[in-house]
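Heads up, the chain below is alone and in the form predicted on its own; it's given as structure tokens.
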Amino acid sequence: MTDLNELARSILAGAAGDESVEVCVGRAVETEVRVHGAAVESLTVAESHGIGVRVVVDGREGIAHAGSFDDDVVRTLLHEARDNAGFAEPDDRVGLARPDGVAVVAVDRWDRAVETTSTDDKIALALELEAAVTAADERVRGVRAAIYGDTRSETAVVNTHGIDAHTSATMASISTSVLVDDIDGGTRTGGAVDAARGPTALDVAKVADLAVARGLQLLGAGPPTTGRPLVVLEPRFAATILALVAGMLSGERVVKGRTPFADRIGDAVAAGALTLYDDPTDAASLGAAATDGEGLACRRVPLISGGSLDGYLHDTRSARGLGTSSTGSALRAVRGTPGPGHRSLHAAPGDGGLDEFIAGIADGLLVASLQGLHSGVNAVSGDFSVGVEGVRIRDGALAEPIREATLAGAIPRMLLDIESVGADLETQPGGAIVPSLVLAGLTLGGGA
């Protein structure tokens, strides 16, 4: 099998003396099984290869990429990138990463079971999940999807400044969406997912039970009365909201002035109960990584401490724009250019959990789903209006379910109005490790 770093170095050897050159090489194998009606609906096993080359000369950047390791393809890439640089406009933010002395923290992200588990056994997991969902409750009318997926991938990044990094990782997941008959003749849905480094760690029964319970809790739901209840977010939704916040703390957005948090380091931007950081060195996170997309060591990056803004997530380009250093937060696809982002968001735990929060709320909403997050959030202003389903909280107990509702507010105001941060940390499939949150000041809109 091709050694990725050796292949990358062989391309790098052709760099001219006045050039800065970076080579990123990767390969991956992905499997996806979809079952329906106790039969395989689709099975995909796909292997991919990729090489990306960046050349920087006189402040101009040229890029070339290919989806093959064939010699005749590899030989042309550096020349193509060099040629493309000649057509680029000079940009003083263009540059490649340089070793910064931060030690790499080894993170074991490889589970051989992804490779050694047979396809038949992977199919069996998906079938087992569908059967468990169907048998969980007589009101289950069907299963929209029962899916098993996994991937194993390797990436090498080398450059002419001395970067020489290699990362590898596996991931496996199961997910389902259940259909439940409602009393009004309609259909409610519930979904759940589990993810781990390998298939043997996946919990079929837990995913089935969660999906069915989430569908059942919305039976009889109707539009709510407009108001401003306290909003309770389970860790999975807290992770979604905090990921939006972290996206606004991207150094690239700060450079371009496209975030409400630009030039606010040191300001109180959140309630004092919130401490937020990105820590890809935490092996417990599925987003853990030893090095970033430019080959620099991943590290803990403080974002908000006790409500005060600590800083931003940077790759080399965004850091040059603000006259600072990369935080080792570059994300990239092999064929793309890097950009700053989070891998493993952490929120420091507070006190209590869902049960304690619900018991102490007179007028609230326990969120069961959020829709339209991509189109309903203005990342420049932080204003948002998204679809929501959930269960109202009245006098310390769960009450009627609601649907066909909206939840609106502004993220900068929302952060300042965090009422509580829970102690119930949960590891999310996307890599976040966060607890429940209680938010005030949001507007629940409905038809009544």
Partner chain sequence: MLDHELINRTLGAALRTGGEFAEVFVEDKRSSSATLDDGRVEELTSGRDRGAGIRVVVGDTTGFAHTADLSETGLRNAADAAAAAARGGGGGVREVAVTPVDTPRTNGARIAPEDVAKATKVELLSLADAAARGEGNAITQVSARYGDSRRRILVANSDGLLAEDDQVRTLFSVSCVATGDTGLQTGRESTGRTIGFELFDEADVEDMARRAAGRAITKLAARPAPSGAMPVVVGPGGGGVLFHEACGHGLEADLVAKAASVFAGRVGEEVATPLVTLVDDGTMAGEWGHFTIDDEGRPAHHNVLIQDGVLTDYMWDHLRARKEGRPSSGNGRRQSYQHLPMVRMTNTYIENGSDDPADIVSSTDNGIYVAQLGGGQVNTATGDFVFGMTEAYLIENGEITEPIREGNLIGNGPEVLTRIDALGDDFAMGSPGTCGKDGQGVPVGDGTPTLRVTSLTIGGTAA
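Numbering follows the first chain given and starts at 1. Values in this document were obtained by computation on a predicted structure and should not be read as measured data.
Keep in mind the form predicted in complex with the partner chain is missing from the figure; the text below concerns it.
> Which residue, T324, T240, S305, N84, is the contact with the partner chain in the predicted complex, using a 4.5 Å heavy atom cutoff?
In short, N84.
> Only one of L43, L398, L416, A423 comes within 4.5 Å of the partner chain in the predicted complex by heavy atoms, so just point that one out.
Comparing distances to the partner chain in the predicted complex, the residue within 4.5 Å is L43.
> Partner absent here, but in the predicted complex, which of 102 to 110, 67 to 75, 154 to 162, 291 to 299 has residues with a heavy atom within 4.5 Å of the partner chain?
Result of the contact check: 67 to 75.
> Can you check whether P90 is within 4.5 Å of the partner chain in the predicted complex, heavy atom basis?
P90: contacts the partner chain in the predicted complex.
> Going by a heavy atom distance of 4.5 Å, is A319 a contact of the partner chain in the predicted complex?
Outside the cut-off, so no.
> Do R27 and the partner chain share at least one heavy atom pair within 4.5 Å in the predicted complex?
Heavy-atom contact with the partner chain at 4.5 Å: absent for R27.
> Since only the chain is shown here, I'm wondering whether V94 would be in contact with the partner chain in the predicted complex (any heavy atom pair within 4.5 Å).
Yes, V94 is a contact residue.
> Select from 128 to 142 the residues with a non-hydrogen atom within 4.5 Å of the partner chain in the predicted complex and write them out in sequence order.
Read in sequence order, the lone residue that approaches the partner chain (within 4.5 Å, in the predicted complex) is R141.
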